[in-house]
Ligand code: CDP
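Before any questions on binding or motion, here is one chain by itself as structure tokens, the form predicted on its own.
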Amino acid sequence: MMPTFVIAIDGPAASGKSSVSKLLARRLHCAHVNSGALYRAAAWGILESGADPTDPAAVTAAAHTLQLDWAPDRQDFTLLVNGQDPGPHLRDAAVAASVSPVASVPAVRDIITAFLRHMAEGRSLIMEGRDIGSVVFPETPYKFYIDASEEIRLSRRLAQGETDSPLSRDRQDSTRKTAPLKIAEDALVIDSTHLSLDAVVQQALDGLTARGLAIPAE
């Protein structure tokens, strides 16, 4: 049996880490997990419970009632919250406005971190987020931080039709007390501002090879 691995890809909003993660997962024949989607799913579940997402005590109580699960397939996961697929609601304006305050609550981060680690048991994953290399999988040697200029990230967000500002998300995620957005000390930083998607993916593949991961033939 081939040894499993976790590749951690962190970065600010709209830096390109989702596109890079998906292409890498396809290239390496492994699953892709977007941890941000799980935090959005948790925020949706907490809103559905009627809890105030700005009240840490209420969020903590609601978070402990959430039943999180997933249905895996070859390269992706369908997240389930209390037996329901929250996918159609993850980009709702109410969820977008609630995800940062919900994600800043320590109990929520503890629950999600444990769930993410459970997802990696017995399988290889590329996992993207904001604290994957620094908190969730600090022991993995395969860490990347994908960045881009503020102007480029803002234009990408608008092109995606998103209503939340990436700069506002960055400020909230970088200043929270629990697991803030930061660059892991041993992460390879890739600035995607002036690079094509293929060029960023190639830099990541080169970095993985340099760190000893065998890349399968295409």
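Fair warning: this is a prediction, and the values are worked out from it, not measured in the lab. Start at 1 and count along the sequence shown; that's the residue number.
Here the subject shifts to the form predicted in complex with cytidine-5'-diphosphate (CDP), a form of this protein not shown in this document.
(message) I'd like to know if residue 89 sits close to cytidine-5'-diphosphate (CDP) in the model of the complex, meaning any non-hydrogen atom pair within 4.5 angstroms.
(response) No - in the model of the complex, heavy atoms of residue 89 and cytidine-5'-diphosphate (CDP) never come within 4.5 Å of each other.
(request) Look up in the model of the complex whether residue 53 has a non-hydrogen atom within 4.5 angstroms of cytidine-5'-diphosphate (CDP), and give yes or no. (result) No, residue 53 is distant from the partner.
(request) Find out whether any non-hydrogen atom of residue 20 is located within 4.5 angstroms of cytidine-5'-diphosphate (CDP) in the model of the complex, and reply yes or no. (result) Looking in the model of the complex, residue contacts with cytidine-5'-diphosphate (CDP) do not include residue 20, since no heavy atom lies within 4.5 Å.
(request) Report whether the minimum heavy atom distance between residue 99 and cytidine-5'-diphosphate (CDP) in the model of the complex is within 4.5 Å. (result) Close contact exists here: in the model of the complex, residue 99 approaches cytidine-5'-diphosphate (CDP) to within 4.5 Å, heavy atoms only.
(request) Quick one: find which of 79-87, 130-138, 144-152, 117-125 has residues within 4.5 Å of cytidine-5'-diphosphate (CDP) in the model of the complex by heavy atom distance. (result) Heavy-atom contact with the partner occurs in 130-138.
(request) Could you run down 196-214 and flag each residue that has a heavy atom within 4.5 Å of cytidine-5'-diphosphate (CDP) in the model of the complex? (result) None of them.
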